[in-house]
Every structure is written in structure tokens, then in C-alpha cells.
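Form predicted alone, single chain, as C-alpha cells, below.
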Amino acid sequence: MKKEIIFNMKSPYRDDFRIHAFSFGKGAKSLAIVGAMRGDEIQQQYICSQLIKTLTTMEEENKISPDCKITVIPSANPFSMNIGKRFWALDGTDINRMFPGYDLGETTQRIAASLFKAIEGYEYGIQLASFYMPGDFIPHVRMLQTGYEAIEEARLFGLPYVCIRQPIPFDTTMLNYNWQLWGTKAFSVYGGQTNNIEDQSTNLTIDSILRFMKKIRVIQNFKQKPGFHAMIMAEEKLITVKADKGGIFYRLKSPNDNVRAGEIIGNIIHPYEGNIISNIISPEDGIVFFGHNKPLVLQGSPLFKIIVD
């Protein structure tokens, strides 16, 4: 294992801000994995730590394929994680909206530029991402449809779903988008959680990445669990169920649960009086893909996304 600092910035109040990269094997740039870019992505950083631990053992046992280099960057935003902030602590900007970065720009632009320079040119790239809304997902692979997306290779993770989304202008500064434009086959893996590491989805995500690594032949002599035959779906075909009132949200259905049209899948409770002021109804038969997981909701907040046939 080779450990290096790919970005270092002095701080007047704390220890220096550093981004660490861990590399395994040598030769062609085969696979780069990026973990937490936001301060609440604990699961994403934890998954990277477990991959680093596993790859260290594999390297000692000569299970990394010849002429293959794997790089893992567990965190690109330790400052925000240390103080419990999702975005950059000083100005609230999002590092994942700053790519490909600018080395003479604002702080998060310079962080993005250094990170992108370190992971540019790899054949494959995996980002362990989190959604902009608080909630739980069925673990899946997500790709922006740039014209360079590798949909069939996304199935190699063996996760239940591959979600394809048409990018909007706001997405053109994301890592996944820029990785694709610069010739890397990029995949965003959503493990279903952020703040919770003791979860079945965590192990499922780790297994899926190791499965992908074996199938693209960057690791060898490694026995892996079988996965799913992934269903390809377009994000715009998911049905979104929103809150018709604000209050305390009580979720009755979780990701991967089957629901029926007309079934009550959640309640909104009056925050003072305690009575149910709204029943959240499934509009169609389907499977819960996403479920909001915070107790307070505003009117119009997305609560569920449902997969329908």
C-alpha cells in the first residue's frame, strides 16, 4: 500500500486540512474509488476504510492483478465531518458541485481540482454518493446519461437496480459527469444510508464493489458472493409521493417493501396535538425505492419514490 497526501491546506485554528489517497498494485490506472465528499457521509467513508483494509491484505497475498493500480480516497471533506456539517464548513458550498475544479479559485474549487487531478485517467471510477434529500434507498448504481455511460458494466456490481438519469445543467459540475467526459467509466453507488454504518446495506455495498473489482479483473483469486441481475430503470419513471401537510412524519413502509395502490404507507402527525392529520397513500402498486427518514417534514416534501411496472 502507498499512502500519500494529494491536497494539503494550512488552517489557523485546527490541524492542516489533508486529503489522503491509498494506492494498491502498480501499472495501469485501473480503478479509483472516492468516498465522503460531504460531512455527513459516514457510511461512505466507512466503506472506503473497509475496502482499504481488504485491499491491504489482498496486496500482501498477491491477489491484485498484475499491471493494475487501485486508488481509494476515503474522505475529501474531513473538516466538515469533524464539526457535523454536510457542506463546506465556512461557506456552505458542495465539493461535488465544483468539478473539474479550478486550482486558483475558491477553496472548494481548489479541493475539487486537486482531487480530480489525482483520479483523472483511470479506466473505472466509483463514487460513494449520498442523495440531496434525507432518506434511505434500495442500494443501487446511478449514472448520468452523458452519451459515455457504461450501462452494461454497471450491472457487474450485482446490485438490484441501475438508475439512469438525464443530466440537467446543475449536474455538469458533478464528479460523475466530469469523470465520464474525461474518459473514465464512472459509477455512483448509493448504499442506502449515510449516518448509519451498522446496516445490511453497508455490507451489501462493500460486497458489490468487491464483486465489480473481480469482474473487471483488477483483483484475482478471490471468491465473491453472487449478486443480482440488475434492473435498468430511468429515474424520471419513478413515482414521487409528497407530503400534503407539514408535521411529524411516521413511515410505515421502507425501501424494498411492496406497496399496493390505495395502501397507507405513512402518516403525518400534528406536532402539538398528536393526532394523524394526513395519511400518505400509495398511488399505484409497486416497490418502495426511496423513503424519507427524518421526523419533521414540510408540506410538499418528497416522502417516497416508488418503482412501478
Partner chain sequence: MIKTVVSSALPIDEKLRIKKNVITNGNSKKRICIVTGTHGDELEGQYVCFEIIKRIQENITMLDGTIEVYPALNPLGIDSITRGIPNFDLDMNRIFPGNPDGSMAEAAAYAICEDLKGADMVIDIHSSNIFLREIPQVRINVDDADKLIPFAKMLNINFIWVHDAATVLRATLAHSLNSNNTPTLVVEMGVGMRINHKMGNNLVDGILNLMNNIGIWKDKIDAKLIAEPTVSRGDEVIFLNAAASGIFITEARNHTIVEKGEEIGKIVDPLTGKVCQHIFATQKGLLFTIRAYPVVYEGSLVARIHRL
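Numbering follows the first chain given and starts at 1. Small disclaimer: the values here were computed from a predicted structure and weren't measured.
Omitted here: the form predicted together with the partner chain. The next part is about that form.
Between the partner chain and the residues 255, 39, 246, 266, the one pair within 4.5 Å by heavy atoms in the model of the complex involves 246. Judged against the partner chain in the model of the complex with a 4.5 angstroms heavy atom cut-off, the residues 228, 234 and 289 are out of contact without exception. Partner proximity in the model of the complex, defined as non-hydrogen atoms within 4.5 angstroms of the partner chain, places exactly one of 117 to 125, 181 to 189, 98 to 106, 149 to 157 at the interface: 98 to 106. Shown alone here, residue 172 lies within 4.5 Å of the partner chain in the model of the complex, counting heavy atoms only.
At a distance threshold of 4.5 angstroms between non-hydrogen atoms, residue 222 is out of contact with the partner chain in the model of the complex. Taking non-hydrogen atoms only, residue 62 never approaches the partner chain to within 4.5 angstroms in the model of the complex. Taking non-hydrogen atoms only, residue 142 never approaches the partner chain to within 4.5 angstroms in the model of the complex.
Residues of 87 to 103 that come within 4.5 Å of the partner chain in the model of the complex, judged by any heavy atom, are 87, 88, 90, 91, 97 in sequence order.
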